[in-house]
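Have a look below at one chain only, the form predicted on its own, in structure tokens format.
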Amino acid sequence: MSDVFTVAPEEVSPERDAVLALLGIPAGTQLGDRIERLYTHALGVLGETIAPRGLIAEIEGGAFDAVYAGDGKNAPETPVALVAPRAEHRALFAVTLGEPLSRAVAECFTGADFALGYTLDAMASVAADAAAAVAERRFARTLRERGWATADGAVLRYSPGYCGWDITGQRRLFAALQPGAIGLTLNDSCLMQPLKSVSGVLLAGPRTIHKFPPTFDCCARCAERTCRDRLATLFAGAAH
């Protein structure tokens, strides 16, 4: 069964230091008046255009294996291949901030308002990640309402394009999930439209199944390593 849901904009309000970090500004920096006005302007545009929605659909282990196999381009050894077989529950998911926001970002660059465009784009990236975290919490809550009582249980997301899961994995993921229900499409390059969207798999099980050393070959090639912060939060005891 698929769960289509809307997300309250305040649930994905971008954390200021995370936005500044994407803009190359150290956390806690006091912005000058001009930059502060730009930041406030971007927040206003975000608030006027954001329309977050999500979709979650549970999937059995064998069916997920077929989705994950994709076009056969995954790395030989990956965190997903390690974690997924140990998960007690799995669900495909997608979240999007909506087309109006993506269009607003594009219009900034088309109109040569680069400062606003870069700031709004950074805010949208942080908000999209927050929307994916909402999907994690929602799936965990659904499982617990159904009686999932695994001690120290946790849900964590993994996405094509990261952790050795080739971006072409989006094709089978989209075929199985059908995220057109929330306005998401996939182009020939496996990029999602609207751009400010996240898709992947939610893996639920004892917290320890998500613990892996960043020593895979794909880890060495990863420029972002956003999983480190999420794993640090998970093992610090944050609720999921």
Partner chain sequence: MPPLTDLADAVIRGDHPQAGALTREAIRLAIEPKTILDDGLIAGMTVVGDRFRVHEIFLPDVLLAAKAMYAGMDELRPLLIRDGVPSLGKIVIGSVKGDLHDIGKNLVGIMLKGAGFDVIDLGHDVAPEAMVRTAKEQGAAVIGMSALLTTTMPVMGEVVSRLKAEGMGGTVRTVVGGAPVSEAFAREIGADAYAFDAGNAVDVVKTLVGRR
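Numbering follows the first chain given and starts at 1. None of the values given here were measured: they were computed from a predicted structure.
The same protein also has a form predicted together with the partner chain, omitted here; what follows describes it.
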Which is the contacting stretch out of 165-173, 126-134, 80-88, 146-154, given heavy atoms within 4.5 Å of the partner chain in the model of the complex?
165-173
So, T29 and the partner chain: in the model of the complex, are they within 4.5 Å at any heavy atom pair?
yes
Could you tell me if A115 has a non-hydrogen atom within 4.5 Å of the partner chain in the model of the complex?
yes
My question is simply whether I59 lines the interface with the partner chain in the model of the complex - judged by any non-hydrogen atom within 4.5 Å.
no
In the model of the complex, L195 touching the partner chain (heavy atom, 4.5 Å):
yes
Since exactly one of T40, N187, T208, T215 fits, which has a heavy atom within 4.5 Å of the partner chain in the model of the complex?
N187
Which residue, A181, A63, A51, I35, has a heavy atom that falls within 4.5 Å of the partner chain in the model of the complex?
I35
Please state whether every one of the three residues E11, G47 and A140 places a non-hydrogen atom within 4.5 angstroms of the partner chain in the model of the complex.
no
Restricting to 3-26, the residues within 4.5 Å of the partner chain in the model of the complex through any heavy atom are L23, G24, I25, P26
